[in-house]
Every structure is written in C-alpha cells, then in structure tokens.
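What follows is a single chain, given as structure tokens, in the form predicted alone.
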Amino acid sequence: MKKWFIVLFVFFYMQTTAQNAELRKYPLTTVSDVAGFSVLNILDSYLSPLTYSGMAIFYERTGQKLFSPENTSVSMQGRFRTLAGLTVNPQSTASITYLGAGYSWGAYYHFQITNELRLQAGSLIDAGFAVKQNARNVNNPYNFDLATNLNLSANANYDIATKRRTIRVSFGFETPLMGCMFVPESGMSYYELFGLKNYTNAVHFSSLHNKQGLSVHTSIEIPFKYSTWKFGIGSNELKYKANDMVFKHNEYMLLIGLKYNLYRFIGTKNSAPENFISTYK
C-alpha cells in the first residue's frame, strides 16, 4: 500500500509540474536596432567661441524586458548609442570632428489607458563619453566630454488597426535631472590636467541650474510578414555651463531600423520555451 501511495504521489507531482511548465510565461527582450543621419550643431567654448554645424551618423540599440512575467506593469530598459560627425564653423575655415558613445539603464512603469493607448514613465541612469577635435586649435586641439546623469523619461504608444496590419505610433521624451560632468578650466591644457595632476574645478555637479536638455523622438512601426520596420524623427538638445564657459549640443535626427523580440537560450537542455510575453504588447 505504501509503494502505491509513493507511485501515485510521484505521478501527480509530475503532472502538476508539467502543467505549470506549460502555463509558465517567459519574458522576451524587445530589441530595437536603428541607424540614421543627424544635423549636428556644436558649441564648445573650450575649443572655439563659434558654433560649428555639420552632419553625423548614429547607431542605437534599445532592449526592454519585463522584470517578471507575473507583473506586466514594470520593465527594465538598456540603451547603447554611438555618434560620429564632422562640423565646420560659419566661415568654413575650421572643423570639429565628433565621436561619442553612451549607455543608459533604467526602469519604466506601464499604464494601460485604453486597448490602443499605453504609457510608460520612469527614470534612467546614463554614462557618456565623447571626444571633439578642432584641427585649427594648436594649443588645445582636443576636448573630452565625460558625464553621468539621472534622467526622467516617458513614452506613449498608440496602435492603429488597419485592414492588413496594426501600425504603432510612438512618442517619447527624456530630460536630465541631476548628475556629474567633466569640464576643464578655459585655457588649461590636458597635459596640465593629467600630466601635472591639476584637477582643480574639473569635475562639477550638474542639475537644472547649469544643465538643461530635452531629447524627443516620434516614430511609426509597421509590421511586415517577417519583420517590423521602424521609421522616425527626433532631436537632442543639450546646454550646459561650467567654469564661465557655455556648451551646446543640438542634434536633429532621421532614423530607420528594425524591431524584434529576443530570447537567449543555449545547449540542448535549455531549448526555446513555447510561452512568451514581452513589453511590446
């Protein structure tokens, strides 16, 4: 009798485990890969008192995933972006080349307003690095941008159902709240800064009093048979000041890319599950 009880217990346990595995949902990472062109305007008072204008190219990858499949209201997001550009002064007698990259990570809370409208609000922590070179500046030809920020961010997604597919229109913005930035004193060379270890007034606390910015983007996502394409426009406007110098970085973008869901699995024992859930829905 005891043996039959053990057999029945094992049988029901295996059945329950199999049913739970079938009902369990696995969170996907919704990835967006976009690239595009930018109209770039730079004012770097350390290198030149003039505003330099030109063109740039950029690449951006964003990944968003639910913290838990049981809670569809909270998600995490990571974003990597790189930008390369060439700008010239108003007289076209000198140029500034720009090369930068940054990464941000944060969390969003999701609001289901209607079946078609979804809102996301949250905060992101970012870290960025960029190098700018002025070929005409002999004494100080380079300047480096180093900064980290706590940003406020919000997104709105609206689905438009057509006869053949559902098109998604998105709008979002992001603005820095507080952080830390590297700005050397005017006229101080990087040899003095690093060679002689003179870091006086090089690192500054940033907030709304000395750093204002707004990043805005709007896009349309169109699903096709085997892929979802993303088209959009956007702008990044940033102004900050330190050591009696003013810096500006204005960018107006045109982008195109792909959006897809991703689940990582390796080996024969960790095969792809059947039940998925993503932040895209």
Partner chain sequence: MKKLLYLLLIAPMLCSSCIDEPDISPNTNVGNFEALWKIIDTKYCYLNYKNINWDSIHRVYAQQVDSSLNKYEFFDLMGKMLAELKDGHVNLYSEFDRSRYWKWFTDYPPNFSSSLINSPRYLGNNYRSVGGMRYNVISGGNIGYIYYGDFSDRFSDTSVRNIFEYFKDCKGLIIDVRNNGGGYLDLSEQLASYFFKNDTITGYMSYKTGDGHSDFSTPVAVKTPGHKTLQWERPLVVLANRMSYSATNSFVCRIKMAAKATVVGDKTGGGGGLPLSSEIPNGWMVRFSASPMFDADMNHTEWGIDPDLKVNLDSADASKGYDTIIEKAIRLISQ
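Positions refer to the first chain, counted from 1. All figures in this text were calculated on a predicted structure; none of them were measured in a lab.
This protein has a second form, the form predicted together with the partner chain, left out of what is shown; the following refers to that one.
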property	result
The partner chain contact in the predicted bound form: residue 31, any heavy atom under 4.5 Å	no
Distance check, residue 97 to the partner chain in the predicted bound form, heavy atom within 4.5 Å	no
Heavy atom of residue 152 within 4.5 Å of the partner chain in the predicted bound form	yes
Any non-hydrogen atom of residue 189 within 4.5 angstroms of the partner chain in the predicted bound form	yes
Interface segment, criterion being heavy atoms within 4.5 Å of the partner chain in the predicted bound form, picked from 192 to 200, 99 to 107, 72 to 80, 158 to 166	192 to 200
Listed residue (39, 214, 222, 256) with a non-hydrogen atom within 4.5 angstroms of the partner chain in the predicted bound form	214
Sole residue of 86, 146, 119, 178 within 4.5 Å of the partner chain in the predicted bound form, by heavy atom	119
Candidate site 35, 58 and 230: all three near the partner chain in the predicted bound form by heavy atom within 4.5 Å	no
Contacts with the partner chain in the predicted bound form - residues in 216 to 252 whose heavy atoms fall within 4.5 Å	239, 240, 241, 246, 248
